[in-house]
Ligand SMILES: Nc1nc2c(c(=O)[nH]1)N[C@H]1C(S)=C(S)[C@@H](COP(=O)(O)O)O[C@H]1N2
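The chain below stands alone and is given as structure tokens, in the form predicted alone.
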């Protein structure tokens, strides 16, 4: 199902009801056709010659990938929903990028690695269990709805973890750190939930 154009309040309620009945709209979320921009800090400037993606921690093969290296990795396309902790949901987003599993295959996590600290630009981090990243619909996106990502939305590369709140889908992602313990990321250190399941409304550490 694709949504296009604008609709009335009654149409919105009907579509939200449809999505709720289909098990796709989490509690207390509202459907949106737009893609609001929310992030901490400024939008970084992408310089392809200086960009690199680093994988470290509990892996058999630590890596540093240049932008050219990353561009050569196999691509996938997925369609998934997107839920923001600020209570909006956007459905049927078409993503193109590199599967998390493709990157994981290169690094080969050690058996004791159970968590990942995802590193973005400007020191931003988010923590995600490895089992939640090791899914067929988790990817490093370069395109959204058949267009290159806009800088505000994470260009050139954004991690997409559809089943968790969108702050876990790190913009301007630059690396992964594999760990044997759960370490709080930026928002988690500032009161957000350590896991962030939108269907359980795990917004804050008190939820």
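Positions refer to the first chain, counted from 1. Given the structure is predicted, the values throughout are model-derived calculations rather than measurements.
What follows is about the form predicted together with the ligand, which we do not show.
- Contact between residue 115 and the ligand in the predicted complex is not found at the 4.5 Å heavy atom cutoff.
- Looking at residue 143, you'd find every heavy atom of it more than 4.5 angstroms from the ligand in the predicted complex.
- Among residues of the shown chain, residue 36 is one whose heavy atoms approach the ligand to within 4.5 Å in the predicted complex.
- Among heavy atoms of residue 91, none comes within 4.5 Å of the ligand in the predicted complex.
- Only one of 149-157, 176-184, 58-66, 135-143 places residue heavy atoms within 4.5 angstroms of the ligand in the predicted complex, namely 149-157.
- Between the options 76, 84, 130, 104, the residue in contact with the ligand in the predicted complex by a heavy atom within 4.5 angstroms is 84.
- Residues 153, 158, 166, 167, 169, 170, 171 are the ones in 153-171 with at least one heavy atom within 4.5 Å of the ligand in the predicted complex, listed in sequence order.
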